[in-house]
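We give structure tokens for two forms of one protein chain below, kept apart as structure 1 and structure 2.
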Structure 1
Amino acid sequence: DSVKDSRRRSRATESSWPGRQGNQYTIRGVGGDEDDGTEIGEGGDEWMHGKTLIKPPDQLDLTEAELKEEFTRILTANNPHAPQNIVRYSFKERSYKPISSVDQLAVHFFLEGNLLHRDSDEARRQKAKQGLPDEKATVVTETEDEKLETPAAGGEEAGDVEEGGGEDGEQKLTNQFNFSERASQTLNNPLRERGCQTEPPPRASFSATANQWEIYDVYLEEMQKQEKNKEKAKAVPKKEDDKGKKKLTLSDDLTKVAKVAKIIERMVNQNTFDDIAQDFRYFEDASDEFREQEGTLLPLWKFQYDQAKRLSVTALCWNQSYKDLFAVGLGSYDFTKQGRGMLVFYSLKNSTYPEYNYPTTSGILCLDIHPDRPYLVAVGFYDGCVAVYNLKEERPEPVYKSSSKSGKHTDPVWQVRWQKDDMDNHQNFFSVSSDGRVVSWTLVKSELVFTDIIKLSLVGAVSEGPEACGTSFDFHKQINYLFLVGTEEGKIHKCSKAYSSQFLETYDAHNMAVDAVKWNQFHPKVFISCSSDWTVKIWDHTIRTPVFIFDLNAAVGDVAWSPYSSTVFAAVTADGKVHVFDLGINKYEAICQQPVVAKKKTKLTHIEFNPVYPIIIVGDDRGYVTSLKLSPNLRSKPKEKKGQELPRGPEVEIAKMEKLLSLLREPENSKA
């Protein structure tokens, strides 16, 4: 019906065109089937020239049966121009492999459209936003206007339109022109794709183990390179400095990772010596429960520096701010073989390599770390010099050092001790030497200023008689001006900073040189001394005779009070043994006597208690430092009764020592 409607409308339009009367043409189907012809008026020849069918001369004449014969062709999705020999490199099999799957998709044309279906929700929203009227209303108005404009249309057409309108409910618009569509497709040029893939770069596996020696060697090489670069930079004229060229400094490569490398080194060492770390933290000797008055020492880490071989440990000192860090002075007590020395700092976190090391031209005999400024270290040397090292400055030389012009000692310096800052807030320390001088050294700007405090003599008056050799000294913990000096003749002098011409008291302490003298950290009247005459003596400074005398059957190298009890002290002897005493438990003999060296001829030289942890460190004449953990009996505290809290603090420790002293004073008073 729609075909008939179109033909009727075309006739109506043709009849209305002027000059279309006369000749009529009929176009018939090619296959022989006759259809209703399309009538065209005059002037149609010109319009039909483009559609004239021309028969090629070489066209075959086919019969009716051949024309109606069907030929079946199968369309496939394969791209005829797709390459079939693509080869890729397989990293798995390490060879070139052909690819079986090839992309067959060929895109001829692609265009992104922006059309919307008029009945969609998006189209309605846009119409409502732009304020466009409904499309149905516009269609109706257009059809009404069309009816008014074409009243001469045939009755058939009008009837058809009405029928169509009755069916669809609206009148459809027709095309007013003859429209012809032609399409042609050009040949597709064959595609050619070339690809090139290089061979992968050669690979090799490398593995190595880095030990401390290799790290140290690399570090030295880097330091030498940096020193050479510094020398080159100095040799270059100053014009280059004006141009803004930067000199190479030490903070180039290694120092950027120094902190990280140190942390990793500590982690590796803690994993390597994990059993020792566990013992340090958690182990408690269970056998102490069955021994009431005896204890043991558990060996922990052993510290030794390869470059300090054949040197003796001549000084030990814990850092009061960093509880795991301690300093070791290395030198020699054999005065016929004096040479170099070394200042070394170790941490409990890394026992295999020191944190800091400073080589010295003369052997070190004593050292002391500043209690408030943990980076300042005072050192006394065999040649009579005193020096101050600053750990913050990365240089091997001390920041302060005495000289012959600045009043240095003429004999070995046996002891140094930091004091509180003076009135001008200058740091100062004291030193004692074999030349008989006790000297105060003050750090002023870039030099050491000395002041002679007292000069020791063999006679009671300081200014008279031959000089005495000072070997040790210690300052009172509460009374700032009071201090003790031990001499090579075996005497101990009680002195005052205010009186430089006279001793306050002199004690006939030992038969040989006094190796160490130390005030008790709790009781203000008690001090201890030791000597190579095999004895350790405890004194009340108000009494000229010793309160306790202990014979250890060997030369005593050093003695130290414990920081947690007023009645506990420890001593080391030349036979390689550590003796720990607790006067509150046993007033006559040691509660622990234990050898801690591997070789029999090794002599122990120094001992120090850690200020916080229950461990001690001992040094020997072979350069080794051994850390030992005290068993529970060696640091026992009074048992608490149920419902009662025992008093704690320094007052309790003072009372313990005072009780012991009162027991010794009572027999004397009864005799009197």
Structure 2
Amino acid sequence: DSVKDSRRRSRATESSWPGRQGNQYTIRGVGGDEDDGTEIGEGGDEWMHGKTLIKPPDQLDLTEAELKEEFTRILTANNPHAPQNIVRYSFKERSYKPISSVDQLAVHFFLEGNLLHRDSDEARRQKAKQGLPDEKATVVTETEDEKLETPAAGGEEAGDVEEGGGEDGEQKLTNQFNFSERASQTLNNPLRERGCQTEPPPRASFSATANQWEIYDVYLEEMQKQEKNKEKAKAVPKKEDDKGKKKLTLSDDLTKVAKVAKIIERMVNQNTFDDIAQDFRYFEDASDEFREQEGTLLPLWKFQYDQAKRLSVTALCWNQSYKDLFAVGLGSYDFTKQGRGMLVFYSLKNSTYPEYNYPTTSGILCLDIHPDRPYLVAVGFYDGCVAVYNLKEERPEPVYKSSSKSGKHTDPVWQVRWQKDDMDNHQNFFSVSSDGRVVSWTLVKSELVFTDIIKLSLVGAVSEGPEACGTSFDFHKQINYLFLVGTEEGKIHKCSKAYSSQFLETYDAHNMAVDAVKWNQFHPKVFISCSSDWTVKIWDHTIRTPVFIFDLNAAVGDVAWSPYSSTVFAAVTADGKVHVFDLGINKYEAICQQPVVAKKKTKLTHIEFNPVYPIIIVGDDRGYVTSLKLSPNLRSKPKEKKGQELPRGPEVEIAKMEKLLSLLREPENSKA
């Protein structure tokens, strides 16, 4: 019944660590197998029971054998509160594993103290702070004292202390929790390099400048594109045109150089004929100041074309819009030598090669450039045809041509003149021919429509007698319907467009054919005529006899009024001379008579004044055209009286002429 030290294991009640054996006290329990809880309780009761043998009322009733049974109780040092079955995940075996040893320590009381071991780092640091020297430090300072001689004792100590502290400070600073270094080497995976190469993207270098004009160009292009789009929206798009355009851009290389080549050619010519160009512009004959009544002609460029060598110049005409462009008609006056002809256009800027040239089958006899449309040229041929050329077009044929069906003349056409557009806005021109007809041609769409205006006849009234041959005509500058016709018989008829049956007037002008008849540019009444009978006559159309007669000693080929003065005119003769007259200066003689061609046998056939520049062009029967500059005396303007403004304008010219005429009329009146 008392507590006995007998070792008897009744049951393994708790799992015990291998190797760990706690003191096992077995308490013999009176009774049979019981649970632990009840065992302890029972043990207590049993002890009390052994002394007094008082039986509590709730005591279990057990048999004697059961009461003598011994129960083993084990007392271990294991913490009953410690968990007994801690399980941890093991990554190696990838499963949960129970931990074999569990911490059995149970802390009942914990108190942090403030005592440091004197050799620990913290303690040393504190000592250093406080300035108490270490055992080691004292030894060092003593040695240093012996070494140093000069510093004072106090200073030495202080210095030593600092040095000692410094030595302490030189030690590695670690953390306050007993720092320990630990390093490990990981497995380094071997490095592999891997690369791949791609094709580089296509590159193109681009550079540009951004100037003001480039921006302007871009804007212009945009605008043009927009306009084109608008037009395309209106019109039906044509695919064929696009293809055509593509072909053009591929095939040609050089046609785009055309414009540039032209410019260069002109430049080269300008260089070669530099002195002529300078003369043309600037030269004024100074000797004219000493010769009051005379003037000179300065030769400038000479125009000739290889293929036109045997032809003679039969017509000359300046272009009204492009002042440096003139047309030359080439053919032959010789009845026996009729062959081909040529229409050639020259510019003053290039005297070596024509700007345009059109070969023709028959010789040209006359031409006229439309005053408003400078690209239209009317041409009259020796075989009686008339044709109209359009300079804008590339082809060498005329745009319109009359044929025997459409009323062409039966004899050579001696003169053509453009008229103002008729009421239907069609261009029309007149032609006069040796067959006696004055015909008006109208350009209707693609045809020439002709209208006979008047038929000339030998005797005064029309439709009587054989037909006369017209050799020249001219329209009045201001009065549109009035025109003059010169005939081969030497008569000049004044006619009107309105009256086709009758002449307004007839003048017995010359003994031979009238080569040229021209109205004065300013005075509305005056006209001039010239003939192969060596004379040049000036008329007032109200008077039947000429006002002035000039005998030039050779057949006069052509006569022309000057565009700047009403009293100046020029005539060319068959002996190669140019005669310039100024009636304001000298009423009887020419103020200039000058041969202009080298060989005396060449006849001069035509002359024209340039409307703007002070030059004249003269054509001869060898196919050459010579340009000459008029000296200042030939271009004189009326002198101003002192104090008065210089009068300008056509009225002055008219007045000048009128004065001349009145002078002549007075003596006539006085005679009459």
Partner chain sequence: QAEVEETLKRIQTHKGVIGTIVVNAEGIPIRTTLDNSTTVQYAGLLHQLTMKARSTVRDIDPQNDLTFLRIRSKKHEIMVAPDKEYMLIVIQNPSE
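Rigid core (definition): largest C-alpha set, two forms, superposition within 1.5 Å. Note that the structure is predicted; figures quoted are calculated from it, not measured. Numbers given to residues start at 1 and step along the sequence of structure 1.
**Prompt:** Given structures 1 and 2, which represents the form predicted in complex with the partner chain?
**Reply:** That would be structure 2, which is the form predicted in complex with the partner chain.
**Message:** Taking the rigid core as the reference frame, tell me whether residue 475 has a CA displacement of 2 angstroms or more between structure 1 and structure 2.
**Reply:** No: residue 475 shifts by under 2 Å between structure 1 and structure 2.
**Item:** Core superposition between structure 1 and structure 2, C-alpha change of residue 79 at least 2 Å
**Value:** Indeed, residue 79 is displaced by 2 Å or more.
**Request:** Return yes or no for residue 298: a CA shift of at least 2 Å between structure 1 and structure 2, with the rigid core superposed?
**Result:** No; that C-alpha moves by less than 2 Å between structure 1 and structure 2.
**Prompt:** If the rigid core is lined up, how many Å does the C-alpha atom of residue 111 shift between structure 1 and structure 2?
**Reply:** Once the two forms are fitted on their core, the shift reads 58.2 Å.
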